[in-house]
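Shown here is one chain on its own, the form predicted on its own, set out as C-alpha cells.
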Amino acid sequence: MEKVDVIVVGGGLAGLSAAYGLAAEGLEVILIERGDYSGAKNVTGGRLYVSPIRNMYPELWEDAPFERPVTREFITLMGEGNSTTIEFAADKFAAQPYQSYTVLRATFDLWLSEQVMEKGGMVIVKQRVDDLIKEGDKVIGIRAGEDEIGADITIIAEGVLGLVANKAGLRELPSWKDHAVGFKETLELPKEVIDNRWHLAPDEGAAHLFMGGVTKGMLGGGFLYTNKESISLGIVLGMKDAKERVDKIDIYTLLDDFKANPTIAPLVADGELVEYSAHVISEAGLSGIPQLWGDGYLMTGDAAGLALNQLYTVRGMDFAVASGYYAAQAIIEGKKQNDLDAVGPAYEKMMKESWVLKDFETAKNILHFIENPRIFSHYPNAVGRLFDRVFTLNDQPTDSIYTKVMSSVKKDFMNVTTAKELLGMRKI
C-alpha cells in the first residue's frame, strides 16, 4: 500500500486549511474531495469572519477572492403585518483591516485548493473515500474504490454528516434533533443596485439577519448577504421544531414566502436566480463536539461539530480554518519531534487554549435559550406592536409618547415570564 505523510478527507475550508499548512512545510499530503472541485458541494450563508484567523496563514488573506467586506449590519424582527429593522454601521468596520467578508464558496474554495497545489499538495477531486483502513483501533489510511492509500495521520474534514467517520465508529451518529437545515438562493443583481438598496459605498457589503415571521415562529431565521454582483438569500430552520410542528408545512416553501414578504420583496426585486442549495448545520454547540482525535486521526471542521449559533450570527467557516490550521501545526511539530503519538493531544490542547473551544464554552447556554419559542414569536410581534402604537395617528387625541410606549411595555414585557427570560439571558 502506497503511503504518504497525511491524507485529508474532504476539500472544504477545514481540509484545505490543513493541507495548505502541511504542504507549505514540505510534508507529503493528499487531499481527496468527492465534488467536481473544492467548493462544488460546499454551501454557506456567505460570511467569513477573518479577524479571528488573520494571523493564521496571513499571506493568504491579502489576495483571497472575497466578495465584499461587511461594513453594515441589519437585523429585522418580523411580526404579524409589520417588521422592525435595526441598522448598524461603524467607522472601524468600514476600515482596513476588515472584520469579515462575504464569500462565494465555489469561488473561494477552488482558489484555496489552487494555493494548496502551488505549495506541493496533491488535490484529488471527483473521488469518494469509502472507508478508513484500520489496524486494530488505529487509522492507517483510506480506501477509495479499489485503491488504498496509507498515511501516518488522516485528517477527517468531510463535513457535517460525517459518513466516513460514522462508518468507522469515530463518533456517535448525529441526531436530527441537534441539527438545522439551511437552504439558500444566489440571486444576481447589478453592483449599483446592491449599493443603493443597502446604503453601501462602492465595494462595501452588508449582512442582514431576520427572525420571527420568516420561520413562522420556529427556531431559526433568515439571512441575506451582499456579494459583488449577487446576493445570498436563505433560511436556517431547526429540524426539531419543523418536525414537531402540529400544522405540518413544507419547509422549502418558507423561502418563497420569505421572498414574497413586503419587507423582502423590494430587496430581491429583479434578482436572477443562479443557484439553489441546501445544507445541514449542527446546532448542538459544545455538546456536539466529538473526541477530536484518536490513534492515527484528527477531526476538524463540521465533522467535528464546529458550527456555532450565537443568536445574532452563525459561525462555522472561521472555526473550520482554525481547526485545519491547528491540525497542521500539531502534525508538523509531531514530525519534527519524531513523535506522532503526541499529535492528537497537542491538537486538542491547541484547540482548547485558543478562542475556538473557548467560544463554544462561552456560548454553551445559547441553545437552551433559543429553544424558547417566544424568542421567535412573542418578541418580534411585541416590538412590532410597540412601534405600531408609536407611529399610529387617527382622529382621536394623541397619547403622549410615554403613554404609548409604556402601555405596550406593560402589556408585552412587564410580566413574570419576561422577567424570567431576562434573567436567563445572563447565562448567554
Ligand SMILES: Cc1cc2nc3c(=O)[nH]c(=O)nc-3n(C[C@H](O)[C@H](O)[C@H](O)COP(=O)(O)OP(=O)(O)OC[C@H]3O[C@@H](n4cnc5c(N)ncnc54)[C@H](O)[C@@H]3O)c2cc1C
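Quick note: we count residues from 1 along the sequence shown, nothing fancier. Everything numeric in this text was worked out from a predicted model, so none of it was measured.
The following text describes the form predicted together with the named molecule, which does not appear among the structures shown.
Asker: I'd like to know if Arg315 sits close to the named molecule in the predicted bound form, meaning any non-hydrogen atom pair within 4.5 angstroms.
Answerer: Answer yes; at least one heavy atom of Arg315 falls within 4.5 Å of the named molecule in the predicted bound form.
Asker: Quick check on Tyr325: any heavy atom within 4.5 Å of the named molecule in the predicted bound form?
Answerer: Taking the distances in the predicted bound form, the answer for Tyr325 is no, it never comes within 4.5 Å of the named molecule.
Asker: Indicate whether the named molecule has at least one heavy atom within 4.5 Å of a heavy atom of Ala320 in the predicted bound form.
Answerer: Because a heavy atom of Ala320 falls inside 4.5 Å of the named molecule in the predicted bound form, the answer is yes.
Asker: Taking the shortest heavy atom distance, is Arg68 within 4.5 Å of the named molecule in the predicted bound form?
Answerer: Arg68 lies outside the contact set for the named molecule.
Asker: Considering the named molecule in the predicted bound form, find the one stretch among 91 to 99, 272 to 280, 169 to 177, 111 to 119 with heavy atoms no farther than 4.5 Å from it.
Answerer: Only one stretch passes the 4.5 Å heavy-atom test: 272 to 280.
Asker: Under a 4.5 angstroms heavy atom criterion, identify the one residue in Leu27, Leu367, Ile53, Ile32 near the named molecule in the predicted bound form.
Answerer: Partner contact (heavy atom, 4.5 Å) among the options: Ile32.
Asker: Let me know the one among Gly159, Gly212, Gly141, Gly285 whose heavy atoms come within 4.5 Å of the named molecule in the predicted bound form, would you?
Answerer: Exactly one listed residue reaches within 4.5 Å, namely Gly159.
Asker: For the stretch 219 to 235, I need every residue with any heavy atom inside 4.5 Å of the named molecule in the predicted bound form, listed N to C.
Answerer: The stretch 219 to 235, when checked against the named molecule in the predicted bound form, contributes Phe223, Tyr225 at the 4.5 Å heavy-atom cut-off.
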